[in-house]
Structures are given as structure tokens and as C-alpha cells.
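Single chain ahead, written as C-alpha cells, the form predicted on its own.
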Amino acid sequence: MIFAEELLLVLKKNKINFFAGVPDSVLKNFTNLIDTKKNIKNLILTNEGSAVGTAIGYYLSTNKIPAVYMQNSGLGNSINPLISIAHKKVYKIPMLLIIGWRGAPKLNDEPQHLAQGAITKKILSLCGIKNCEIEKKNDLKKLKSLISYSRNKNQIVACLIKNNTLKNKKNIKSKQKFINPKFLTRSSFIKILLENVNKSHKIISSTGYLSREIYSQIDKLKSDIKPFYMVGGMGHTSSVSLGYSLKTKKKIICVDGDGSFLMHLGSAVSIRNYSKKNLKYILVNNYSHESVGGQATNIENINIKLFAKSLGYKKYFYISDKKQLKYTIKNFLNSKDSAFLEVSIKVNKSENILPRPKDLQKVKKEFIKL
């Protein structure tokens, strides 16, 4: 275990004060820390490839080494700009990748992290990215050497940090830009949604607390609905929903979160271009990356209603409190046209102790069967 403050001190001493990335639960104590520092620039971006691209632009304008943070599950998103622009055989752009290593060998983790965790170091090696593991304070010396190598050789380097490695000296809360205590809770919305669907509906839900909430509520309600839970693959819930909807007469309900929605926003265009009227899209919006630390998604800068209308959705619905909850959900589900439902919810940490679907093969078989 090391303190996030110690890691930051090493980076500052090595003249790294620009950070861009996608929030991760392993790194939350570090990223929430840098968000409090006035002399540090921290950009929370929608996907890892965009973070690498932004870092490249920063280097070109300053000649200083940028840092990009991510979970190893997002390493694939970053490969294109890393290899085709920043690589030593192309433009030789130095940068430091700070990677939360989920599914690291010999550590217990969720099924969706195990395969990625086992090959993370191999991927970095194939990309020619020199790396080190940070587990204890003495490992920070390795990091210092890596940064010097990056600076002297104009190379990409990376440090891997396992779960529960980083702690804070003081409790630091993430900066949430948009908080409204009158908003619905996640559980209150999901409960009413599940009470109004039946076997003619197929639910595909986003990674994180959304899938876990639906999984929990189905058990409590003794519902016979069999959803497909996107336990990984953040940003791809809508695409999976699109693919499934094309060859079925059932109503497909895509339940997505704001972080996932923004990660691959171009998918929204594809859905409206290729989907039929049987696909209903729900954006459950809490304006934060709640399951990995509560960092802001910056979605409040988008007028979702205008965006949905511009894509061609015939019906847009909005819910933020209990007054119109049941009525709006019924109208949304019964809509004969393409429909988009935005649900504003508040962050409620008391709801976050939730079970996880474990038998994923059973989940798949039951979803296909019904």
C-alpha cells in the first residue's frame, strides 16, 4: 500500500502536472486527489483513446510529458492513437500511462476482469511500452526511472497499479458538478420499470451499478424477466441492444448510464440509422462515474432532449421525480414510435451495496431462451 499523495509527489518532482483519462475504481484515490490541486490540470474524458489524443496534443504544445490514466479494461480503446501516432516508429511522443490493473494474476476479481488482467502486461510488451508495477513506496523509484527513460528516449511508458494499493492520507471526495436532492434514486426508478415490463420485453443493461440494481430488484420482486447484463464492455450497451433488436419482434429496452452513453457517443447515430421501432433507449443519468469514485461525466453540458430529437427519435420522455414516474414509464414503453427516455437520478451511496451476477453462462442462456 502507498499513499496517493506520495505518487503525486514523485510525478510533480518529475515535472508531470497534466493528466487526462477515464475514471477507474483502482485509481480513484489518486484521481480525486489531483482534482483538488489548483496547479494541476486534470481532464476527465469520455474514453481512453480520446485521453491519449489529448495528451499528444498537450505534448506538441508544451514539450512536456503528459500522464494518461485508465483501467486496463480500457487499454484497447487507447491502442490506436498509442501505436499509430505516439509510437516510437511514428512520432515518438513521450507519455506516462497510469493503469489500474484489474484482474491481476493471483488476485480475486470479477469474471469480466480476469482475461484482460492476465494479458495486460503482454499487450504492453507487444506495443513496445516499457512498464513497472507499483505496489509499495520503494517501487516509486522504478517509476522515477521510467519517466526519465520516457523523457530521454521520447517513449511511451506505463505503471501498473493493483486494486487496494492506493490510499489517501485524508478523506477526499470527488467533485460532483450536478447534485439535486429532489431527483429519483436509482432503485426507485428500476423498481417501477421492472413492474411495468413483461416477457414481451428484453432488457439489456449497462455495466456498473445499473446492471447490479436490476439484478437485485429482479430477485426482490420475484420477476421472471431475464435481462442481459453488460458486466463489462463499457460504452457498448447500445450497440449490443441494436444488434439484438434487428431480428426479433420483441421490445428491446436498452438501459444505459451517462458514462457509458458518452464513451462511444457515435453509437447513438448508428442506432437511429439502423434500428427499428422495437428498440427503446433509456439514459439513466446521475451525472457521474458513480461506481468508480463519483467523478463528473460532464454530461450536464449537453441538452439531451435536443440531441435525441436531432438523431430522429420521435418521442422524448423525461423523469426526475416520483410525480410522473409510473405514467411516463407506461407511455414510454407503449410508444409505437422510436423513443428516448432520460431519467435524472441522484447519487445515493446507501443503495450501492448490491449483489453481482456470477453465473454469466446462465445469464446468457436464460436471456436467449426467453
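When you see a residue number, it is the position in the sequence shown, counting from 1. This one's a predicted model, so the numbers in the text were calculated from it and none came from an experiment.
Below: the form predicted in complex with a small molecule, not depicted.
Although the partner is absent from the chain shown here, 208, 257 and 286 each have a heavy atom within 4.5 Å of the small molecule in the model of the complex. Though the partner is left out of this view, residue 94 does not reach within 4.5 Å of the small molecule in the model of the complex, counting heavy atoms only. For the chain shown alone, residue 161 is not a contact residue for the small molecule in the model of the complex, no non-hydrogen atom being within 4.5 angstroms. Put simply, residue 234 is close to the small molecule in the model of the complex: some heavy atom of it is within 4.5 Å. Though the partner is left out of this view, residue 292 does reach within 4.5 Å of the small molecule in the model of the complex, counting heavy atoms only. Proximity to the small molecule in the model of the complex, defined as a heavy atom within 4.5 Å, singles out one entry of 73, 267, 131, 275, which is 73. Contact with the small molecule in the model of the complex, defined as a heavy atom within 4.5 Å, holds for exactly one of 77, 150, 120, 217, namely 77. Partner contact region in the model of the complex: 22-30, out of 303-311, 22-30, 59-67, 333-341, criterion any non-hydrogen atom within 4.5 Å of the small molecule.
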